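Only one chain is given next, in structure tokens, and it is the form predicted on its own.
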């Protein structure tokens, strides 16, 4: 039976260390501050932003929420972003996705200063990651790497397979693992022989959003499996449930270690949002 990687516990311990460093920073007269921009009509986004605000408060980071409603124009958001870019009291800016219809995420995210881009999603920071230069890295891949290291002290030379190629998870995850000297295979919807390739992985990271796409036939015995997928489903009895990309019951019988959904990768994503805010307050 696989070791269960308790992302919630690991994230709590990590946030304790962030809280200590925030306290030290405040003693030097610097108070980390994050701006949370919500231009989404997705009810889940309201919950996510509230959770980020609450966690920020718990570690001593100040936060401000900027909510845009239906009919908002891109120019309105750009005006706010430019104002926040020039505000010395604001160290980090987050643009919550998905955006309302008619708003272009890539267009808006690139108006955020790379030195306040807490999610590491501007073209500048993604280019820095590609070239191996210092910069801000997306929070979910950072959290995933942390969870991998909770199992493997050293990962150089291991074969890592990443399923998914989004700019938020898949692509930066692939680059992080390459920079950590793994041998990396990137898979996606056009890839052939998915099961056969996955079965060669020492580390398997799935970020597709397709529930239970990864079954036991994908897994090399003893592999570490990180499930980034989140899909909300309604059961026959009407109850709501969150499930991942991985068929947990099947795969946990074969894998060496596995993250659950929920309480796996999710808590680490928000924890690294706090870490990146701290980093921006310290270094930029």
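Since this is a predicted model, take the numbers as computed values, not measurements. Positions refer to the first chain, counted from 1.
The same protein also has a form predicted together with ligand NAD, omitted here; what follows describes it.
Shown here without its partner, the chain carries 19, 56 and 60, none of which come within 4.5 Å of ligand NAD in the predicted complex through any heavy atom. Within 4.5 Å of any heavy atom of ligand NAD in the predicted complex lies no heavy atom of residue 225. With a 4.5 Å cutoff on heavy atoms, residue 163 counts as touching ligand NAD in the predicted complex.
Although the partner is absent here, residue 269 is a contact residue: one of its heavy atoms lies within 4.5 angstroms of ligand NAD in the predicted complex. Although the partner is absent here, residue 265 sits close enough that one of its heavy atoms falls within 4.5 Å of ligand NAD in the predicted complex. Only one of 77, 184, 203, 169 lies close to ligand NAD in the predicted complex, with a heavy atom inside 4.5 Å, and it is 169. Just one of 111, 159, 210, 199 comes within 4.5 Å of ligand NAD in the predicted complex, counting any heavy atom, and that one is 210. Per the 4.5 Å heavy atom criterion, ligand NAD in the predicted complex is contacted by stretch 226 to 234, the sole one of 251 to 259, 36 to 44, 60 to 68, 226 to 234. In the predicted complex, ligand NAD lies within 4.5 angstroms of a heavy atom of only one residue of 135 to 157, namely 140.
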